[in-house]
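Just one chain follows, in the form predicted on its own, and it is written as C-alpha coordinates.
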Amino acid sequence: MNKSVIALVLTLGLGSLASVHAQQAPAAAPAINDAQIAHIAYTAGAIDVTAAKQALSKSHNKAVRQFAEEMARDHAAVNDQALALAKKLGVTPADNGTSQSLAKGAAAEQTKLAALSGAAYDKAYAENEVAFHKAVLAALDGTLIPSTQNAELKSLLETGSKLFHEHEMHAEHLAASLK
(Lines give C-alpha, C1' and ligand atoms only; values in the text may rest on other atoms or scores of the structure.)
Protein backbone atom coordinates (compact mmCIF):
# COMPACT_ATOMS: atom_id res chain seq x y z
CA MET A 1 0.00 0.00 0.00
CA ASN A 2 1.41 3.43 -0.76
CA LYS A 3 1.75 5.91 2.09
CA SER A 4 -1.36 7.90 1.17
CA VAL A 5 -3.50 4.74 1.08
CA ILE A 6 -2.09 3.63 4.42
CA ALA A 7 -2.78 7.03 5.93
CA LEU A 8 -6.35 6.86 4.66
CA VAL A 9 -6.86 3.33 6.01
CA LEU A 10 -5.42 4.29 9.36
CA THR A 11 -7.51 7.45 9.52
CA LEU A 12 -10.75 5.75 8.52
CA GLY A 13 -10.25 2.39 10.16
CA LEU A 14 -7.48 1.61 12.56
CA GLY A 15 -6.86 5.21 13.57
CA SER A 16 -10.49 5.70 14.53
CA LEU A 17 -10.28 2.62 16.75
CA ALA A 18 -7.47 4.19 18.75
CA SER A 19 -9.38 7.43 19.03
CA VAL A 20 -12.56 5.76 20.26
CA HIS A 21 -10.60 3.56 22.65
CA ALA A 22 -8.73 6.53 24.09
CA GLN A 23 -12.00 8.39 24.76
CA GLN A 24 -13.48 5.60 26.85
CA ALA A 25 -13.37 5.52 30.62
CA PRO A 26 -10.87 2.95 31.95
CA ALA A 27 -13.65 0.59 33.08
CA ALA A 28 -15.55 0.78 29.78
CA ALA A 29 -15.73 -2.14 27.38
CA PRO A 30 -13.24 -1.95 24.52
CA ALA A 31 -14.33 -0.12 21.37
CA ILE A 32 -13.61 -3.27 19.42
CA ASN A 33 -14.23 -6.86 20.46
CA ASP A 34 -11.99 -9.90 20.17
CA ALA A 35 -13.93 -11.36 17.22
CA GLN A 36 -13.36 -8.13 15.27
CA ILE A 37 -9.72 -7.98 16.33
CA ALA A 38 -9.19 -11.55 15.17
CA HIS A 39 -10.69 -10.68 11.78
CA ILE A 40 -8.51 -7.58 11.39
CA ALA A 41 -5.36 -9.54 12.25
CA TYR A 42 -6.32 -12.38 9.91
CA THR A 43 -7.09 -9.91 7.13
CA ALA A 44 -3.69 -8.24 7.52
CA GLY A 45 -1.98 -11.62 7.24
CA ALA A 46 -4.05 -12.64 4.23
CA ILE A 47 -3.21 -9.35 2.52
CA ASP A 48 0.49 -10.03 2.89
CA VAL A 49 0.12 -13.59 1.60
CA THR A 50 -1.67 -12.23 -1.48
CA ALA A 51 1.02 -9.59 -2.01
CA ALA A 52 3.72 -12.24 -1.68
CA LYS A 53 2.02 -14.49 -4.23
CA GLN A 54 1.87 -11.59 -6.66
CA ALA A 55 5.58 -10.91 -6.09
CA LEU A 56 6.41 -14.55 -6.71
CA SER A 57 4.54 -14.44 -10.00
CA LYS A 58 6.07 -11.15 -11.18
CA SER A 59 9.57 -10.82 -9.80
CA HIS A 60 12.72 -12.44 -11.12
CA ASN A 61 14.92 -10.85 -8.43
CA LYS A 62 16.29 -13.55 -6.11
CA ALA A 63 16.19 -11.37 -2.97
CA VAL A 64 12.63 -10.20 -3.67
CA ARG A 65 11.49 -13.76 -4.30
CA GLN A 66 13.12 -15.01 -1.08
CA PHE A 67 11.44 -12.23 0.86
CA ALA A 68 8.07 -12.98 -0.75
CA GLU A 69 8.44 -16.68 0.07
CA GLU A 70 9.14 -15.74 3.70
CA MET A 71 6.08 -13.45 3.80
CA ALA A 72 3.79 -16.10 2.31
CA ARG A 73 5.09 -18.83 4.62
CA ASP A 74 5.12 -16.80 7.86
CA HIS A 75 1.79 -15.03 7.41
CA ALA A 76 0.02 -18.20 6.31
CA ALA A 77 1.38 -19.99 9.40
CA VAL A 78 0.23 -17.23 11.76
CA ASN A 79 -3.19 -17.16 10.09
CA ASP A 80 -3.44 -20.93 10.50
CA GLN A 81 -2.65 -20.49 14.22
CA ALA A 82 -5.26 -17.74 14.46
CA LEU A 83 -7.94 -19.92 12.86
CA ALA A 84 -7.06 -22.83 15.16
CA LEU A 85 -7.27 -20.56 18.20
CA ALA A 86 -10.59 -19.09 17.08
CA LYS A 87 -11.97 -22.60 16.64
CA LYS A 88 -10.67 -23.65 20.06
CA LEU A 89 -12.24 -20.61 21.70
CA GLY A 90 -15.48 -20.97 19.75
CA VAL A 91 -15.04 -17.47 18.31
CA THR A 92 -16.02 -16.59 14.77
CA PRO A 93 -13.87 -13.71 13.47
CA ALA A 94 -16.27 -10.86 12.72
CA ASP A 95 -15.93 -8.84 9.54
CA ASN A 96 -15.88 -5.12 10.23
CA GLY A 97 -15.18 -1.75 8.67
CA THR A 98 -11.49 -1.85 9.50
CA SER A 99 -10.99 -5.24 7.83
CA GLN A 100 -12.94 -4.03 4.82
CA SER A 101 -10.86 -0.83 4.58
CA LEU A 102 -7.65 -2.83 4.77
CA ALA A 103 -8.81 -5.24 2.06
CA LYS A 104 -10.04 -2.44 -0.21
CA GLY A 105 -6.77 -0.49 0.13
CA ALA A 106 -4.70 -3.61 -0.46
CA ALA A 107 -6.69 -4.54 -3.56
CA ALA A 108 -6.10 -1.08 -5.00
CA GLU A 109 -2.39 -1.33 -4.28
CA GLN A 110 -2.19 -4.81 -5.85
CA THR A 111 -3.77 -3.36 -8.99
CA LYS A 112 -1.13 -0.61 -9.10
CA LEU A 113 1.67 -3.10 -8.55
CA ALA A 114 0.31 -5.43 -11.22
CA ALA A 115 0.90 -2.71 -13.82
CA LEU A 116 4.63 -2.61 -13.00
CA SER A 117 7.39 -4.98 -14.01
CA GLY A 118 11.06 -5.63 -13.47
CA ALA A 119 13.05 -3.39 -11.15
CA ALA A 120 10.16 -0.90 -10.87
CA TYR A 121 7.90 -3.67 -9.56
CA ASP A 122 10.54 -4.98 -7.16
CA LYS A 123 11.17 -1.55 -5.67
CA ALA A 124 7.46 -0.73 -5.35
CA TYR A 125 6.71 -4.12 -3.78
CA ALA A 126 9.49 -3.72 -1.21
CA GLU A 127 8.43 -0.16 -0.35
CA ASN A 128 4.83 -1.31 -0.05
CA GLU A 129 5.90 -4.05 2.34
CA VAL A 130 7.74 -1.53 4.54
CA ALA A 131 4.72 0.78 4.66
CA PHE A 132 2.24 -2.08 5.20
CA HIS A 133 4.21 -3.58 8.07
CA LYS A 134 4.57 -0.17 9.73
CA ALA A 135 0.82 0.43 9.47
CA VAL A 136 -0.11 -2.98 10.83
CA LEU A 137 2.40 -2.64 13.67
CA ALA A 138 0.93 0.73 14.64
CA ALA A 139 -2.51 -0.89 14.81
CA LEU A 140 -1.34 -4.03 16.60
CA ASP A 141 0.73 -2.29 19.22
CA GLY A 142 -1.41 0.81 19.62
CA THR A 143 -4.96 -0.54 19.47
CA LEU A 144 -5.49 -4.23 18.80
CA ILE A 145 -3.28 -5.78 21.48
CA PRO A 146 -4.33 -3.31 24.22
CA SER A 147 -8.03 -3.88 23.33
CA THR A 148 -7.85 -7.68 23.29
CA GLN A 149 -9.61 -9.33 26.22
CA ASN A 150 -8.71 -13.00 25.70
CA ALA A 151 -5.22 -13.84 26.98
CA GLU A 152 -4.54 -16.49 24.31
CA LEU A 153 -5.55 -14.15 21.49
CA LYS A 154 -3.46 -11.37 23.04
CA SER A 155 -0.45 -13.71 23.18
CA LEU A 156 -0.91 -14.68 19.52
CA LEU A 157 -1.14 -10.99 18.55
CA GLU A 158 2.01 -10.24 20.54
CA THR A 159 3.79 -13.04 18.67
CA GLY A 160 2.44 -11.58 15.43
CA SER A 161 3.77 -8.16 16.42
CA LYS A 162 7.26 -9.59 16.91
CA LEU A 163 7.02 -11.25 13.50
CA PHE A 164 5.82 -8.02 11.87
CA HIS A 165 8.75 -6.14 13.45
CA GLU A 166 11.18 -8.68 11.97
CA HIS A 167 9.43 -8.46 8.60
CA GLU A 168 9.49 -4.67 8.66
CA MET A 169 13.26 -4.68 9.23
CA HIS A 170 13.75 -7.26 6.48
CA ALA A 171 11.56 -5.21 4.11
CA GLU A 172 13.54 -2.05 4.92
CA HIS A 173 16.82 -3.81 4.10
CA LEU A 174 15.35 -5.20 0.91
CA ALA A 175 13.98 -1.80 -0.17
CA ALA A 176 17.33 -0.13 0.57
CA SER A 177 19.16 -2.73 -1.52
CA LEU A 178 16.90 -2.08 -4.51
CA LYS A 179 17.43 1.70 -4.72
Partner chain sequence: MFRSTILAVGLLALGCSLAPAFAATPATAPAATQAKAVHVIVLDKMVFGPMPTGVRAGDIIEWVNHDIFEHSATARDGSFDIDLKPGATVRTTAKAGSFPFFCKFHPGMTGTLVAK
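Worth saying up front: this structure is predicted, and the values here are computed from it rather than measured. Residue numbers count along the first chain shown, from 1.
If you look for the form predicted in complex with the partner chain, you will not find it shown, but the lines that follow are about it.
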With the partner absent here, would 70, 159 and 162 each sit within 4.5 Å of the partner chain in the predicted complex, counting heavy atoms only? yes
Any of the heavy atoms of residue 92 lying within 4.5 Å of the partner chain in the predicted complex? no
4.5 angstroms heavy atom contact with the partner chain in the predicted complex for residue 78: yes
